[in-house]
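Okay, so we've got the same protein chain twice, two forms, each given alone as structure tokens, structure 1 and structure 2.
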Structure 1
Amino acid sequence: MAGWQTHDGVAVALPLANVDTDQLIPARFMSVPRSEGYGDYLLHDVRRDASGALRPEFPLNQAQQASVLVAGANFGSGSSREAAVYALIDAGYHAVFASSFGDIFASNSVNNGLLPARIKPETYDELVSFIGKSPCEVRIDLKNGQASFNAKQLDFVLDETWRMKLLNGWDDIDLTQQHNAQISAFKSKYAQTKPWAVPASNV
């Protein structure tokens, strides 16, 4: 995964709260290998009619080139399915701005280079009325936690660890392997003090 510092793109507003991961990608699409791309499944059942055609009035369909999503509170709640993040990324999104996120969704996002930018509920309200129905230009400065939507400047909150991961494109497995000695030491002490917790063989 590549790191990134700034992003210039187009923002679209989806003024809905509680957009859960079941809506972000309905379960029936999750057996597809990632290599085939998940972009077409993003918000599939709200974005398309029963025949699969795009509903023209749906905000995301009015901004096919959008790369930043501004959405209501509790975005990405529900199922741990990382495919919800894949759908956003494969559809070209780099960031989601919301006043709160489902915990698992937020960490899945960072693991895939998608920024979950937290903003105050008041800022969200302002932003939604500012963007309205016409997508606007946006510039994100990840390092300084700032974004400008056309002329509107705002700060967003991001956990420091997550900022570092996004900036550097760090991969957890590489990071962890640097601690292999400590892990082995922990493991052998653990086996001595808690023999009951160690599975015999295949659990």
Structure 2
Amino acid sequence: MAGWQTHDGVAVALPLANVDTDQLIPARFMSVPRSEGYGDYLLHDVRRDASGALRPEFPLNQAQQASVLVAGANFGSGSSREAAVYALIDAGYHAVFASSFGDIFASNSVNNGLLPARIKPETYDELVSFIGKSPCEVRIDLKNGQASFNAKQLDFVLDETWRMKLLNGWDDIDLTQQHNAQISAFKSKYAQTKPWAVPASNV
């Protein structure tokens, strides 16, 4: 996974709260191989009508070139399915701005290079009003925690460890490997001080 520092794209507003992972990708699509892409399944049951056709009035269908989503509170709540993040990424999204996120969804997002940018509720209200139904240009400065929506500047909150992972393109395994020297030193010391606890083949 490649790291990133800035992103220039188009933002679209989805003024809905409590969009959960079951909505982001319905369970019936979970058997599809990731190699085929999950983008077409993103918010499938609210983006499409009973026949499967895209609803022209749905915000994401009016801005299919968008790469930044401004969404309501508690975005990504519900089940822990990582496929919800895959669906956003495969649909071309690099970041989601919301006043709060489901914890597991946010962690899964960072591990896959998607920014869960937390903003104040009043900032969300301003952005939704500002963007309206017309997508706007956005520039994200990940390193400094800032974004510009057309001329509107704002700050966003992101855990510093998550920022480091996104900047470097790291997941949890990559983050752990940054401590390989300390891990090896501990393993060696543990084997010497407690040899009875370590299988002989690993000493």
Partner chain sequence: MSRRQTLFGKLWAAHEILRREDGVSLLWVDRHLVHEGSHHAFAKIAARGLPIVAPDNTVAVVDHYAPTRGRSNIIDPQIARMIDTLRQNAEKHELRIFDLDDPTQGIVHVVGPEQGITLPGLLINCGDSHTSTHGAFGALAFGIGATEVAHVLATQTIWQKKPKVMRITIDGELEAGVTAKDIALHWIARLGTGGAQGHAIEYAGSTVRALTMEGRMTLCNLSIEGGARFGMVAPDETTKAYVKGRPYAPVADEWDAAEKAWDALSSDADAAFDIDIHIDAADIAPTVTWGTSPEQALPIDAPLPDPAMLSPQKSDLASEALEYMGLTRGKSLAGTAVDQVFIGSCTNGRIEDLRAAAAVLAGHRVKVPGLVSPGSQLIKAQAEKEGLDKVFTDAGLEWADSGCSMCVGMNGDLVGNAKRCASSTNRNFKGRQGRGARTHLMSPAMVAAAAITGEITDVRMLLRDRDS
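Basically, rigid core = biggest C-alpha set you can superpose within 1.5 Å across the two forms. What you see is a predicted model; the values in this text were computed from it and never measured. All residue numbers here follow the sequence of structure 1, with the first residue given the number 1.
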Would you check which of the pair is the form predicted in complex with the partner chain? 1
Going by C-alpha fits of the two rigid parts, what is the rotation of the smaller one between the two structures, in degrees? 38
By how many angstrom is the Cα of Gln182 displaced between the two structures when the rigid core is overlaid? 6.8
